[in-house]
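Let's start with one chain on its own, the form predicted alone, as structure tokens.
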Amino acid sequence: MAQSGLKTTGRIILTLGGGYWATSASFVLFAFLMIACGLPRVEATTLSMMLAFLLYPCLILWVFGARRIGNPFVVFCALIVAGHIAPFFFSQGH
């Protein structure tokens, strides 16, 4: 029984911390990609915010629906790293 509680606690921590962090990194990725595609900054930011708002509940459902917690963890780490590296590649000298 204690093992099940630890698994649930791990999923909650991954969802709250990692899910939020991965969503914010995805927001950055969405915004930079849309700006790179020619969308004005204000519209790209607004659309990215809406997409991130939809992404977070999907990530929450995925963490609790996955058989193994390792798959969401790896994807969250990849999103976080990509979100932090993106400004170096997409910066336009501002």
Partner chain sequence: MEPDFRRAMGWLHTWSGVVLGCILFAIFWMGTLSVFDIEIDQWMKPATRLPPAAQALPLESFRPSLNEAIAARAPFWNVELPNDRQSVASVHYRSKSGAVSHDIDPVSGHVLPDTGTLGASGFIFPFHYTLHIKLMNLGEWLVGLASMAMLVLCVSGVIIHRKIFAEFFTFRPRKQSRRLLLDLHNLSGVLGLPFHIILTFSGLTILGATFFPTGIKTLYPSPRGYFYEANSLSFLNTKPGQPGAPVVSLDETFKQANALWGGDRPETVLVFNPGKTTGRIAFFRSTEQQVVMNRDVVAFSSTTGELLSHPPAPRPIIRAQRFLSGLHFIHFHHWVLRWLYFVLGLGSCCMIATGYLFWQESRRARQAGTFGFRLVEGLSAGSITGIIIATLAFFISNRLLLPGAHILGVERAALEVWCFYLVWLATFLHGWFWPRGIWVSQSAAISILAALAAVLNWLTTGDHPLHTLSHRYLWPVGGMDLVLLAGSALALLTAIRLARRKQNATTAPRQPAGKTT
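Residue numbers count along the first chain shown, from 1. The structure presented is a predicted model; accordingly, all values stated were derived computationally and were not measured.
Form predicted in complex with the partner chain: not shown, discussed below.
message: Given that the partner chain is not shown alongside this chain, does Leu16 nevertheless sit within 4.5 Å of it in the predicted bound form, heavy atom to heavy atom?
response: Yes, Leu16 sits close enough to the partner chain in the predicted bound form that at least one of its heavy atoms falls within 4.5 Å.
So, Phe73 and the partner chain: in the predicted bound form, are they within 4.5 Å at any heavy atom pair? No - in the predicted bound form, heavy atoms of Phe73 and the partner chain never come within 4.5 Å of each other.
- Is there a non-hydrogen atom of Arg68 within 4.5 angstroms of a non-hydrogen atom of the partner chain in the predicted bound form? Arg68 lies outside the contact set for the partner chain.
Ala36: touches the partner chain in the predicted bound form, heavy atom cutoff 4.5 angstroms: Because no heavy atom of Ala36 falls inside 4.5 Å of the partner chain in the predicted bound form, the answer is no.
* Contacts with the partner chain in the predicted bound form, stretch 26-56 (heavy atom within 4.5 Å) -> If the 4.5 Å heavy-atom criterion is applied to the partner chain in the predicted bound form, 26-56 yields Phe27, Val28, Ala31, Phe32, Ile35, Leu39, Pro40, Arg41, Val42, Glu43, Thr45, Thr46, Leu47, Met49, Met50, Ala52, Phe53, Leu54, Tyr56.
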